[in-house]
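The chain below stands alone, shown as structure tokens; this is the form predicted on its own.
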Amino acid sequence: MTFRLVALLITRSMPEVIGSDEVTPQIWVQLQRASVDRHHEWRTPVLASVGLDGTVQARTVVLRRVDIEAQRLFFYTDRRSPKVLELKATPVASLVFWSRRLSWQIRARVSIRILEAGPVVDSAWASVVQSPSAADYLSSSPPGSVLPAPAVAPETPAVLDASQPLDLLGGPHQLAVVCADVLSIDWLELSRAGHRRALLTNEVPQWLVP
């Protein structure tokens, strides 16, 4: 049974204990849900990568889309962000997800590609252009730039009108799409009945000591 079919069939709540053959499909079902549900605890994983200076860099990102068949995760960034250079230099990273509700942690080892133009980027921009977050990708200053004074939060988040000419929106946007191809997943379930852990590669669980 394909992951897509599993995702369509499993619409009920998670069982208290799932069988070993259900772990991988259920992980992808939960990832899919997180990409569309702002309240899902896996919506904002931590991305850990190698900095240009060789140190570990970690930051929270927003899971925007999931391709179950390709086992691929998507999130957005500013193309001028330091992490873009870091991920281009070392295009292997880890995404860490924790859900208190599920009592699950997953650590996904991923291969990274940065898309800065093309249909995928155009579609991503169309999905955010009328949201408050669009302003983040229209700033004249790149992320991490020094401000002359403390930033003041706006009273009301601005919502951009996609019908306006692009030059009225502050110029070309800086949104880039980060594609993360999942190479393996380290799954950990915490339970009073006993913890379980598995390394998932090519859909076959390798069971580990928690």
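If you're wondering where the values come from, they're calculated on a predicted model, not measured in any experiment. Sequential numbering from 1, following the sequence displayed.
The discussion below concerns the form predicted together with a small molecule, not included here.
Only one segment in the set 109 to 117, 96 to 104, 123 to 131, 74 to 82 has residues whose heavy atoms sit within 4.5 Å of the small molecule in the model of the complex; it is 74 to 82. Contact with the small molecule in the model of the complex, defined as a heavy atom within 4.5 Å, holds for exactly one of 68, 179, 50, 61, namely 61. At the 4.5 Å threshold, heavy atoms of residue 184 stay clear of the small molecule in the model of the complex, well away from it.
In the model of the complex, no heavy atom of residue 141 sits within 4.5 Å of the small molecule. Mapping the unseen interface onto this chain, residue 44 counts among the residues with a heavy atom inside 4.5 Å of the small molecule in the model of the complex.
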